[in-house]
Structures are given as structure tokens and as C-alpha cells.
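Listed next as C-alpha cells is one chain, alone, in the form predicted on its own.
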Amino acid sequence: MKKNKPKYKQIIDAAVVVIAEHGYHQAQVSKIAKQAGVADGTIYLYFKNKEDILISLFQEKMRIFIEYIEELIAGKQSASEQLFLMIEHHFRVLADNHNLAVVTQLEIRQTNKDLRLKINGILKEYLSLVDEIISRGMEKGEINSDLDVRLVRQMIFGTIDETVTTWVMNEEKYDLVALAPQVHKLLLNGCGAV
């Protein structure tokens, strides 16, 4: 219920900015409240603590991300086309939101192990979507069916993720979205049907 309220979204968006600017460990709840334009106490009406804010932030952004990708690939028969659209959208979302890119590629990885495990749990839905594309590609002969789906998923996600991380670490000096066709080709050549 709280997630549908405007202040929830304001706090999530403010948290992205504050965590990107100050780092997770230095991002105080009071800074997030100030960025969101709410009183410090208001934060606790929606979130238990800073960790809950980060988990909720990732959950909310990932939910929107996955819903959009599902809409984007719906009706596309080719697993190759679905994979391309997924890669391109992944790159576009992070290229369009510097703060979100910093949070997802750098800050989340600097948290404690328990927090990272919770984040990984949220990531499972995205990875399931990748699995569906891979399985469809195997059925249609676009992806080598002798390959292990989990290994192919690791290769796909790892390549996309590392490409974005490198882009962030290089201070976003080049067009990330323009890399989508090359990454797509590389992945398909690596796991395509032989």
C-alpha cells in the first residue's frame, strides 16, 4: 500500500541521487529526506532503515525494468531479437540515469554480504527472463542446445553487467547504447548454434 504513495517514489528517487553522490555508507537518512523534501521521520513511515531503502530502491527499479522488457519482447518470435532488445534497454536505462548506474554498478557491490544476498534475490526475476530467452533460442536453433542454460545466462548477464560497469568506471565517456549491437553479436557468436 505504501509503495503506491507519491512520497514513497520521492524517497526512492532521492535515495538514488544521495547514494550516487555520497556512497552508500555516507548516505545518511537525513540527506535522503532532505533530497526528497520530506521530514526525517517521514522516511520511517515507509522504510525500516537505510538498508531497507536500498533494497526497496533496487526492487522498485528492477520491477519497472523487467515489466518494460517483458512488454518490449512480447510477440517477438526471434530469441535473437529479444536478446538484442533486452541488451539495448539495459544499456539505455543506465545511460539515461547516471545516478542509477552508479548505484547499481558500484554502490550495491560495496554493501555487506547479507545485503548483497537480498539484492541477488531481487535479481532472480531478471535472470529468469534471460533464461526464457535462452530456452526459446535453443528451441528455435538460434542458440546451441548443447550448452548449459545457466552458463549461457552467466555469460550474457556477466557481459552486459561488465560492459556497464566499465562504462561507469570510465566516467561515461562514450555512448553505451551504441555498444548494444556489438555486445549482441558477440554473445550470439559465443553461444549460437553451430
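Note that this is a predicted model, so its numbers are computed, not measured. Residue numbers run from 1 along the displayed sequence.
There is another form of this protein, the form predicted together with the DNA, and it is not shown here; the text below is about that form.
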> Should residue 44 be classed as touching the DNA in the predicted complex when contacts are defined as heavy atoms within 4.5 Å?
Replying inline: yes
> Hey, in the predicted complex, does residue 29 get a heavy atom within 4.5 angstroms of the DNA?
Replying inline: yes
>> Is it the case that residue 39, even though its partner is missing from this view, gets within 4.5 Å of the DNA in the predicted complex, heavy atoms only?
In response: yes
>> Considering non-hydrogen atoms and a 4.5 Å limit, does the DNA approach residue 50 in the predicted complex?
In response: yes
> Since the chain is shown here on its own, which stretch among 122-130, 164-172, 63-71, 31-39 would lie within 4.5 Å of the DNA in the predicted complex, judged by heavy atoms?
Replying inline: 31-39
